[in-house]
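One chain comes next, on its own, written as C-alpha cells: the form predicted alone.
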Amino acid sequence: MDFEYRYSSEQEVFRTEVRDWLNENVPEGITNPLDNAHTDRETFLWIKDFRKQLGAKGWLYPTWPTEYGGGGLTGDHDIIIKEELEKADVPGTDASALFPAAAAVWGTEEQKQQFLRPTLQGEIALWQLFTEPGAGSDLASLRTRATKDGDDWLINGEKVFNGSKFGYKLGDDDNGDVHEEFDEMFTLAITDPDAPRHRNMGYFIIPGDAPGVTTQTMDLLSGQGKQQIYLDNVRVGNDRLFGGETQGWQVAQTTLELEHGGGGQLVPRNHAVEQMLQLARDTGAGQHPHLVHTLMDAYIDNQILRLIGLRNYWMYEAKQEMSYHGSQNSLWRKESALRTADAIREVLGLTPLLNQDDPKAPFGGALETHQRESLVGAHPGGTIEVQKVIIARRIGVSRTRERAAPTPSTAKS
C-alpha cells in the first residue's frame, strides 16, 4: 500500500518559493548541531534572528490565525514548509512550540496579544518549568508555591531540566558551561495548599530576567546546557496568571496534550535509522540474514511512527476529537528510539559509541548522540509507564476514565 501524498502543481509552486527563500536566507554551514555544547554564540544568535524572519512571513506557525501572528495557511502549506526546513537542516525552528496552545485556549485577549503574538512571530523564546527535584512523572506533587501579595504573586521553588537544544558554549574562562538566553518561562505553582490535588495550582508566565530568578547549568547524559532554576520571591502580576487561580493543572494539560503528540508530527525523519542503513550498505555489516531482519524491523518501526504522527496531524488539523492518540505517539516514539538504538549496536557493533570528538566517529558522532538521547528521551513529557496509564484511561481499561485536554483544535468545536 502506498501511503505517500501526491502534491498538486500549485503546492509544488509554493514549495519552490519556500526552497528559493531558504537558499537565499540560510548561510552555508548553518546546520542542526548534535548538541548545543558545540554551538557558538554567533550561530545561536543567527537561529534567534531566523525565527523572527520565519515569524514575519507567517512560516514559523503557518496554520495559526494571522490575528495572533500566525500564517493563516493550510496544513498542506505547513507540511511543505516543514519538509523544506528539514531538507535544509535548519536548526531551532520548533522552539517555544508547547506554550501557544495553552495561551490560545486559556488566555484572555490581552494575554494573547502580549504573549501569544510575539511567540508565534518568533520574537520571544520560552522555557517550560514543570519538573522539580521531587516531582516529575507525578507532576501534581510539585512543591513550588505562589503566594498572593496584593495584586501580585510571589513565587518560590526549584525547577530542573529546563532549556532547549539551542544554547551555545561559553568560553573556557566560564568553565565551558553552556548558556542559553531566554525571554519568558511558563510554570506551575501551588496557589491553594489546602485544596485537593489538581485543583490547587496556577499556571504563570515569569520573565526570564525577573529579580529572584537564578540558574545553574546541569551536567547531564544528554541535553547539555539544561538548567536548574531557583525562584526566590519572584514577583509577577496577576496578568501573568493563565486561567483561574486554581486552574493551573487544566491549563497545563493543554500544553501536555501537544507535548505527548496530540498535534501530530510532520516529517519526523529518523536520521539514525537512515545512517544505520547507509553504513550497513557501505561496510557490508548487515549481510547476515538475522541482521537483515534487524535492519528491516528498525525501518518498519520508524515508518509506523511516521504514520502515527501524520494521522495525529490530520486529526488535529481536521478538528477531530482526540483520545489516546497523543500518548500512543509518545509511547511508540520513546520505545522505538530504544529499539532503534539497540538495533544500531547489534548491526554496527561499538563504532556508533564514538562521539563527535573522535575522527573515526560515523557521521561526525551523530549515532553516539542518538544512543544517549534514546535513553534520556524515555523520560521527558511523561515516562513510558505514564503514557501507558494515559492510554488505558482513555480507552476504558483502567479504574478511572479521562478525556483528552482541550486544544486550539477542539476548544471551540
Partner chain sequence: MDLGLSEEQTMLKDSAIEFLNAELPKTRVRELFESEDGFAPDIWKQMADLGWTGLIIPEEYGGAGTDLQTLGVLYEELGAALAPSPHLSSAVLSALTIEGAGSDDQKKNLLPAIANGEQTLAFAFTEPDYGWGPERVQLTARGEAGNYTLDGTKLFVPDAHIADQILVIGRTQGGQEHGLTAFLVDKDAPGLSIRTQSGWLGDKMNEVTFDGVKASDVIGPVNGIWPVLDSVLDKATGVLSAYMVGGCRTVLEMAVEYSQNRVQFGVPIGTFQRVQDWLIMGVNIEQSARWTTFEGLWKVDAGKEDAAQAISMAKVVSSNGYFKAAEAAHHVHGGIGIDLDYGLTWYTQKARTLQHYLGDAVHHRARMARLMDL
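Residue numbers count along the first chain shown, from 1. The structure presented is a predicted model; accordingly, all values stated were derived computationally and were not measured.
Although it is not shown, the form predicted in complex with the partner chain is what the next lines describe.
The candidate spot formed by I304, W314 and I391 lies fully in contact with the partner chain in the predicted bound form, as each residue has a heavy atom within 4.5 Å of it. Think of it this way: in the predicted bound form, the partner chain has a heavy atom of just one of D232, E110, D297, D219 within 4.5 Å, and the residue is D297.
The partner is absent here, but in the predicted bound form a heavy atom of H293, alone among R197, K148, K87, H293, sits within 4.5 Å of the partner chain. For G286, a non-hydrogen atom is located within 4.5 Å of the partner chain in the predicted bound form, even though that partner is not displayed. Residue contact check for V397: one or more of its heavy atoms lie within 4.5 Å of the partner chain in the predicted bound form. Under a 4.5 angstroms non-hydrogen atom cutoff, the partner chain in the predicted bound form has L310 among its neighbouring residues.
Contact annotation: L277 falls within 4.5 Å of the partner chain in the predicted bound form, judged by heavy atom distances.
Just one listed stretch, out of 41-49, 383-391, 24-32, 361-369, contacts the partner chain in the predicted bound form at the 4.5 Å heavy atom level, and that stretch is 383-391.
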